[in-house]
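The chain that follows stands alone, in the form predicted alone, written as structure tokens.
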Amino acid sequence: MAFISSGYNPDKPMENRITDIGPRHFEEFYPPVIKANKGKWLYHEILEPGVLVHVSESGAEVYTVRVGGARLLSCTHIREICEIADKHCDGYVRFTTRNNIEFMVDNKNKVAALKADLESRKFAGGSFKFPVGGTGAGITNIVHTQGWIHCHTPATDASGPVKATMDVLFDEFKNMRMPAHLRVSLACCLNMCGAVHCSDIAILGFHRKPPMLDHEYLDKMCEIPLAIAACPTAAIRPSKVDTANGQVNSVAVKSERCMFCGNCYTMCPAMPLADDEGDGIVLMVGGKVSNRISRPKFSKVVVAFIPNEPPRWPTTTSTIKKIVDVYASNANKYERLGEWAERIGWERFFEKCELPFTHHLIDDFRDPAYYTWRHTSQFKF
């Protein structure tokens, strides 16, 4: 009743809305041609790498030029994006879920000038600021998490490995010559806010050691019951510990139950998890979200551990490049990476990609090993 008496009308929730509370309604940011044809689109086509056209029932057309972006942007880069949008697109611009930037125009005659402007803009070192591509049967931008810049529990960086990986895959971003589209994602720890559980190729930061305990400060800095409750595997219990300054209230960690998730560190800064020797990267492949040809699949671990090698992560990037090249050379048209691996058999996948194959790598998250283990008399490691 308080809302009603203040003038709020539940039948018209947007009426007299104060727009600086919460986000503005997304329809305010539609280009006019998209707003006028919403729900009326007949089809779309990819005219060339990075350039799409959507055609409406009314005959109206929208031409989209997609360029590679980044998850972390400087203010000057954002201003330049806005400048391009003002110059060519009446100020309209959008970001895709994979951090690509899309500039939309309503006339084919405007595409050439927009594309030429985008490709002419380069950094001082000569690399593209706005590379055109990321469409169709190729590799688009890598979805990634925060890494060492913002997150407190990463086992690897995000922006660093992503930049290094995209550098070796850049030709496939600019072209559409893969058997099918190939999605790469990165999550910098097992909490996986990067959704790497269902990507064609997934880069996962992985901790291998339990948290280190600073007993001197733990009781002073932390709510011990909160740190204990945060553990999803009940690996933490209260404990009294003798130190040089006497006995203190602290915790003990049962290492064999620890899954290295970092939840305890989130609650208690005196339980850090990051470690230069224990942290590194796991590579997973074969996942997908779509129902096309086959059902959605979870990614499978194919490389159990690669040490962090900043700033360019050469082992990680060379392994990914090898997998991509072998897939591109051997898969059938329209066949996703996981579908190709299942068709030829995972054992053959490891052979072709020259990856060491162990029994630790042939299970997934969906089925128990009984279903995914190759339990025939002919199966050999």
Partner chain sequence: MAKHATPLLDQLESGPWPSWVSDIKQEAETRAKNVKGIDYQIPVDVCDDLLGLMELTYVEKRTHWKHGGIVGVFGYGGGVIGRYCDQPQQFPGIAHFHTVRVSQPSGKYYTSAYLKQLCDLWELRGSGLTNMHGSTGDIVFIGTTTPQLEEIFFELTHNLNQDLGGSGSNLRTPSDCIGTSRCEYACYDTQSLCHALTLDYQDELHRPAFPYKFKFKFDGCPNCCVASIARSDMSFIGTWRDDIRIDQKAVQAYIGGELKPNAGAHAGRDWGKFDIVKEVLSLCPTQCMKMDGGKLVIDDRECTRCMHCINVMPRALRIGQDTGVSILVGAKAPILDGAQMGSLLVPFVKVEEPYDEIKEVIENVWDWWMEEGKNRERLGELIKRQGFQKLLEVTNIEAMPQHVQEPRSNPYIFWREDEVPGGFERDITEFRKHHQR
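Numbering follows the first chain given and starts at 1. Here the structure is a predicted model, which means the values were calculated and not measured. We call the rigid core whatever largest set of C-alpha positions still superposes within 1.5 Å between the two forms.
Heads up, the form predicted together with its partner chain isn't pictured, but that's what we're talking about next.
Peer 1: For a quick test of understanding: in the model of the complex, does each of Y30, H77 and D275 have a heavy atom within 4.5 Å of its partner chain?
Peer 2: Yes, the whole trio is in contact, each within 4.5 Å by some heavy atom.
Peer 1: Only one of I306, L114, A235, M166 has a non-hydrogen atom within 4.5 angstroms of its partner chain in the model of the complex; which is it?
Peer 2: Of the listed residues, the single hit is M166.
Peer 1: Which listed residue (K110, R257, K209, K129) meets the criterion of a heavy atom within 4.5 Å of its partner chain in the model of the complex?
Peer 2: Answer to the contact question: K129.
Peer 1: Give a yes or no for S250: in the model of the complex, does one of its heavy atoms lie within 4.5 Å of a heavy atom belonging to its partner chain?
Peer 2: No, S250 sits far enough from its partner chain in the model of the complex that none of its heavy atoms falls within 4.5 Å.
Peer 1: Residue-level question: is D242 within 4.5 Å of its partner chain in the model of the complex, judged on heavy atoms?
Peer 2: Contact check for D242: no, nothing within 4.5 Å of its partner chain in the model of the complex.
Peer 1: How about W340: is it within 4.5 Å of its partner chain in the model of the complex, going by heavy atoms?
Peer 2: Looking in the model of the complex, residue contacts with its partner chain do not include W340, since no heavy atom lies within 4.5 Å.
Peer 1: Find out whether any non-hydrogen atom of R71 is located within 4.5 angstroms of its partner chain in the model of the complex, and reply yes or no.
Peer 2: Looking in the model of the complex, residue contacts with its partner chain include R71, since a heavy atom lies within 4.5 Å.
Peer 1: May I ask you to list the residues of 296 to 331 that have any heavy atom within 4.5 angstroms of its partner chain in the model of the complex, in sequence order?
Peer 2: P296, K297, F298, N308, P310, P311, R312, W313, A328, A331, in sequence order.
Peer 1: Superposing on the rigid core, does the Cα of V248 end up 2 Å or more away between the shown form and the other one?
Peer 2: Not so; V248 is displaced by less than 2 Å.
Peer 1: Fitting the rigid core first, would the Cα of M259 be found 2 Å or more away between the shown form and the other one?
Peer 2: Yes, the C-alpha moves 2 Å or more.
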